[in-house]
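One chain follows as structure tokens, the form predicted on its own.
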């Protein structure tokens, strides 16, 4: 067997993803959540412009560096259901959810965050996961690649034996996270991870 016969390459696909990422990176930054509700799924990036000491030196230097990248798909999309509603506000709802998390944090200000997003509809919705992955590879956002837990949800009753995430240790305040009873990560090690993220960007 020649494995080369099973490897697919597509220059046009790579160009398409680059075009989608380029489009997203040139959309205007808007408030989090956006001031107008909209329908659709897609990919989003959050940007920090505040004074949290461990972040200021990173994001003040490059305000176009996202602190977090994520995606929102329609309910049922992952299972291939054709009934996924194109008018579902999946992306807007996800941005609103994360705005609530940031507002709950005792040492962050929601007003210090902005967002960019790209809406992917119809056949372009198949690109959502790929564009998210491309954005994550391109920017290695702090809350994706170094500090775990921002995207976590309330595990609900009976599952609070797990530990707080690194994000919740660094930014306490989410009510459900305060109920978690597991052994938490060390805050000093979390701080070191932030420092390691900053180091390659120092000049």
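Numbering follows the first chain given and starts at 1. The structure presented is a predicted model; accordingly, all values stated were derived computationally and were not measured.
What comes next is about the form predicted together with a further copy of the same chain, which does not appear here.
- Within 4.5 Å of a further copy of the same chain in the predicted bound form, a heavy atom is found for not a single one of 139, 173 and 176.
- a further copy of the same chain is not drawn, but in the predicted bound form it has no heavy atom within 4.5 Å of residue 194.
- Taking non-hydrogen atoms only, residue 35 approaches a further copy of the same chain to within 4.5 angstroms in the predicted bound form.
- Remark: residue 158 does not count among the residues lining a further copy of the same chain in the predicted bound form, judged by a heavy atom distance of 4.5 Å or less.
- In the predicted bound form, at least one heavy atom of residue 121 sits within 4.5 Å of a further copy of the same chain.
- Heavy atoms within 4.5 Å of a further copy of the same chain in the predicted bound form map, among the stretches 139-147, 23-31, 162-170, 48-56, onto 23-31 alone.
- Using a 4.5 Å cut-off on any heavy atom, the residues of 1-40 that reach a further copy of the same chain in the predicted bound form are, in sequence order, 1, 3, 5, 6, 7, 8, 9, 10, 12, 13, 16, 17, 19, 20, 23, 27, 28, 30, 34, 35, 36, 38.
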